[in-house]
Ligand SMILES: Nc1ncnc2c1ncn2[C@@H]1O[C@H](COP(=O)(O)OP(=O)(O)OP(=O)(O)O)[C@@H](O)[C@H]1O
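Only one chain is shown below, in structure tokens, and it's the form predicted on its own.
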């Protein structure tokens, strides 16, 4: 899908979080990097209407998230760094099934679809386990399953490996960058993970300061922040 920002600015109580950003992106794996407070998370949250522009316009696949949040969230799934904020229901299976509420599917269909996505990520054996008793890596996989079961066209992942150890970080990275057919916008401080994207967008001071091939962008980022 085409992501379009036209002179987008965002201000929170007088603080500029994003400053006059214009960009068009349609790559399958889009990485977003930058220091804390640079604007990258605000950029990500504009994509499905979690944040609205103070000025300018955002279009994702032709949908304006600020004007039609329902349509935006139907096509764009959002994965947070802390999966606990996304886990709602008591058990793993119930949590995935909850994402299909209002889908028009029958109970048996919802159950089958939910189990299928859990099986795909090799956590079906946890279906009846208490969701909040899972390990951090398992919780993040559950959050991914709860998003993917709705079949979004775009997945926005904001620091999805921030709370994970090396083994689980690599597992989540493989899931997001290698195994999924969807378009991904990946916000990350993990430069090894960012290097696996098709293109990187680098933020600094609430602006986009560089867009390009990952190795080039990472080299510039490291040189300026050594």
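In this text the structure is predicted, and so the values were computed from the model without any measurement. Residue numbers count along the first chain shown, from 1.
If you look for the form predicted in complex with this ligand, you will not find it shown, but the lines that follow are about it.
Is this ligand close enough to 152, 178 and 182 in the model of the complex that each of the three has a heavy atom within 4.5 Å of it? No, the whole trio is out of contact, none within 4.5 Å by any heavy atom.
Here the chain is shown alone; which of 174, 189, 52, 28 has a heavy atom within 4.5 Å of this ligand in the model of the complex? If I apply the 4.5 Å criterion carefully, the residue I get is 189.
Of 35, 69, 195, 163, which residue is found within 4.5 angstroms of this ligand in the model of the complex when only non-hydrogen atoms are counted? In short, 35.
Any of the heavy atoms of residue 15 lying within 4.5 Å of this ligand in the model of the complex? Residue 15: yes, in contact with this ligand in the model of the complex.
Residue 41 versus this ligand, in the model of the complex: is there a non-hydrogen atom within 4.5 Å? Result yes; residue 41 sits at the interface with this ligand in the model of the complex.
Can you tell me which residues in 143-160 come within 4.5 angstroms of this ligand in the model of the complex, by heavy atoms? Contacting residue: only 159.
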